[in-house]
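Take a look at this single chain in structure tokens; it is the form predicted on its own.
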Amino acid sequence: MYDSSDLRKGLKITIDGEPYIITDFQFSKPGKGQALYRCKLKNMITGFTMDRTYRSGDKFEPANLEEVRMQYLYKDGEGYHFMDLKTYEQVSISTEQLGEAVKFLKENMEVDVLFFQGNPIDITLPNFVELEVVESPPGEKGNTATGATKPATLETGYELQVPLFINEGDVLKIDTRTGEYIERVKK
């Protein structure tokens, strides 16, 4: 069990039988009375966010979560399919559950799948992925001293702004946390 003094950003707890993650946290100690812990909580299954205030001495149950290393196989009408690398069992995760992660998923990529009570609810991508540029207009010559950029579409369908020297067929290193271009990968 967690105590209210254990609360912090990123902590995963169970409320009403569902897993929540603390996305924002503030501690305040008024002159009189108990300390207050203001938390912004996000439901890890539905994505619903709520604000709650707790007092010192409140108890919390840790979320019963398990992380399993899996390989992304393919996408179909049911969702995205992943295979456990040890047992070869497969699970399907819906597009809604994955959210922004679908922009960076490549076949055969290894990810960590988060399970709650035996059901997959989320994935953790590697911090960086390498994706090929499939469409990008040619860069315009001229005033490039300002760090000019142009749009590019990657093999997963993700669109982002890249420097003018990037061409179709180039492989780029992308930060999955921010979705930003990092560098061009040498072949």
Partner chain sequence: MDLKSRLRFREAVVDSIRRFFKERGFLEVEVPLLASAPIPEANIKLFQVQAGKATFRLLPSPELYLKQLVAKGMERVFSISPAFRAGEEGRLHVSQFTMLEWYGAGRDYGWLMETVEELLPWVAECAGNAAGIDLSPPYPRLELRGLFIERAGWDPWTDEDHGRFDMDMVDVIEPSLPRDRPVFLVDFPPWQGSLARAKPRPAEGVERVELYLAGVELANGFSELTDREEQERRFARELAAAGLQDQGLPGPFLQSLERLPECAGMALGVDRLVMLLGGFGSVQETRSFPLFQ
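From a predicted model like this one, the values you see are computed outputs, not experimental measurements. Positions refer to the first chain, counted from 1.
As for the form predicted together with its partner chain, it is not shown, yet the points below apply to it.
Here the chain stands alone, but in the predicted bound form its contact with its partner chain, taken as any heavy atom within 4.5 Å, falls in 50-58 among 158-166, 125-133, 50-58, 64-72. Of the candidates T46, S28, T153, T149, S28 is the one whose heavy atoms come within 4.5 Å of its partner chain in the predicted bound form; the others do not. Residue contact check for Q34: one or more of its heavy atoms lie within 4.5 Å of its partner chain in the predicted bound form.
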